[in-house]
Every structure is written in C-alpha cells, then in structure tokens.
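Okay, here we've got a single chain as structure tokens, the form predicted on its own, with questions on binding and movement later.
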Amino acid sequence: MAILMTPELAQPDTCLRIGDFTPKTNLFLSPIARFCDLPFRLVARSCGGIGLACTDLLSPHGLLKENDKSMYLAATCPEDEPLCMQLFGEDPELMAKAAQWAEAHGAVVIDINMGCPADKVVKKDGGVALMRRPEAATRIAQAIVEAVKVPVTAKMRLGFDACQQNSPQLARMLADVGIQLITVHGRTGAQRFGGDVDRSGIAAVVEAVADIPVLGNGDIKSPQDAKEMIDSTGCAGVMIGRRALSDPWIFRDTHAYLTTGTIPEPPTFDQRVELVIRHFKLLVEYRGPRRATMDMRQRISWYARMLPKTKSLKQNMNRIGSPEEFYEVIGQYRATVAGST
C-alpha cells in the first residue's frame, strides 16, 4: 500500500524531556475524545513526526474492571510506541490504581485530564471541573506520582470559565508534587472550542513553571501556527488535535518546518485515499466489520476536508453497511476524481 512515510529519527532532535523520557520530537497527538483510538494512532504515526501519542480519555472504573469499552480505548501494540494513557476522574486512590494498570500495560507517560469540558465528565467532577478545586486536583496528581515510576503529566485549560482562570497557580501546585509536564489548551472550559485561543494565557503558565516543560494546544492548523505558538508563548512544544483528524501529515510537515524551515510537498490525492483505506482496514481488524463501517461514516467527514469533490463521497459513505460497500464507494469516488482531472 503506497502511503507517504517519514522515517523516524534515530536520535531525538529536541531538548524536551518528560522526567526520564525524551520524545523524538516536540509534537504530540492530543487525546481526542471519541477519535484517538488505536487504528487512528497507527494511521497518524505512519505519516511521521509524532513524538508522543495519547489514548482517548480512560475511565479508572473501566480500566480496573477491564470492561470492553475501556479495553478497546486502551488497546495498543508495538507499532503504537511511545504511548501516553490519559485518565480522568476525581478519586485519588482509584486514579492511582488505574495509573498502575496503565503503567503495567504499556504507558510510558500517564496524563491526568483536567481540561475536558464535556458535561458527562464535568458532572462527575472530572476534566475541567478539577480546575475549580485545585487542592483536590493536586491530591490526585500526588497520588498518581507516588504510585507509578513513569512520568506523570497533566492537561488543562486556562480555567473553568472567564472568572476562574487559575492555570498558572494550578500548574505550579502540580509541578510542586511531581508533575513533569503541563499541556495548556488556550481556552476556558466554558468556551469549549469557541472563540480564539489566548496564547498569553499559555505564556503565563510557561512563566509559572519554568522548571518543567509546557505544551501549547488549540487552533494549530498549520506548521506556521505551531511555530507562532512556540515563539509567542515560550512553550517547549505543541499538542495537535482536531487538525490531525483531517490531515495526519501535519506532524510531518510541522516537524520539517520547525527543524529546517521548509515544508514537504503535500501528499497526493492517491496517498490521501490510500490512508483512508488503511484506516478502514485497521478499524476492521480491531473493531470488526460492523463497527468499522459505522466508525468510517464519522471519520470520512474529517478526511473529506482535505479531499476534492466529496459531496457524493460523504453521502454514499453515510449509507455503507459492510466492508464491501466501503470499497465500492471509495473505488467509485477515486475513479470519478481521476476521470475528471
């Protein structure tokens, strides 16, 4: 299968360190809720440039009970290294036990979610709700740090809302109990994904925790955006989420731009289509035919943003019910576009 590949670096080319772990680049794949499963991580890694990829949010209850949903979200393989597993919750003891589970099952970094604004997470006092209770958030962090040997990190926002923007203070408290890296999404929880990212807020966290690295996150849609984030905030690297869903090559391109000042030629139409096909094959392998077709109905709208003439592709893909129908639809689309050029 012809997929544009970027060889992994023999040695890290970044001074970014997370405890005793040194990623090969300072570009991280965000734990994108509902999307960052093993098939997608493998697809994104195949495009090159990722220093560390993270799982979807993992429930401590689900991990410790090893229920089907949590086992799928935590699934990994040798090609999925290095891997960070992200936990969400409010119980320090339970979170610590889940971190031990994650460490035993392949995580080289444990991340604590303190930024998810989803109602179902916030109502359980997890995610960004922890920013309203910095002492509780710190107790969770300390419990996990003391429970595992791998580095522990935290992902947060600027604050719970505009009236509670306490990210510098919370970041300092977390660093004092052993957190090794902070990722800051430059919006409040109340903003969700609306409005502009406030890079000055990220810079304030960088200044507050000068002894550990900080990653900037939010609205990084191009290599130039990543460089501007780093230059304007002083952060050590960036975490990229939604853009990767439509263009996984953004890590390759950003790494090249940050290290050489140039951006590689964009992937061809055929390379993008082959990536979609590979993603589907991985979904079938790990999820089974029925769920793979359901998942691809959602995924195709993201990939379509970087593909031409996709109106019929999206319409037809939304009706597929089997792998055979997927291959028929993608084959017809490919032939139609090729015939029109």
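In this text the structure is predicted, and so the values were computed from the model without any measurement. In case it trips you up, residue 1 is the first one in the sequence shown, and so on.
Unshown form predicted together with a small molecule; subsequent notes refer to it.
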query	finding
Listed range touching the small molecule, judged in the model of the complex by heavy atoms within 4.5 Å, from 198-206, 91-99, 213-221, 128-136	213-221
Contact residue in the model of the complex, from Q86, Q180, T254, T188 (heavy atom within 4.5 Å of the small molecule)	Q86
Among the candidates L174, I240, I144, L158, the residue which, in the model of the complex, approaches the small molecule to within 4.5 Å (heavy atoms)	I240
4.5 Å heavy atom contact, I32 and the small molecule in the model of the complex	yes
Contact of L57 with the small molecule in the model of the complex (heavy atom, 4.5 Å)	yes
Distance check, T233 to the small molecule in the model of the complex, heavy atom within 4.5 Å	no
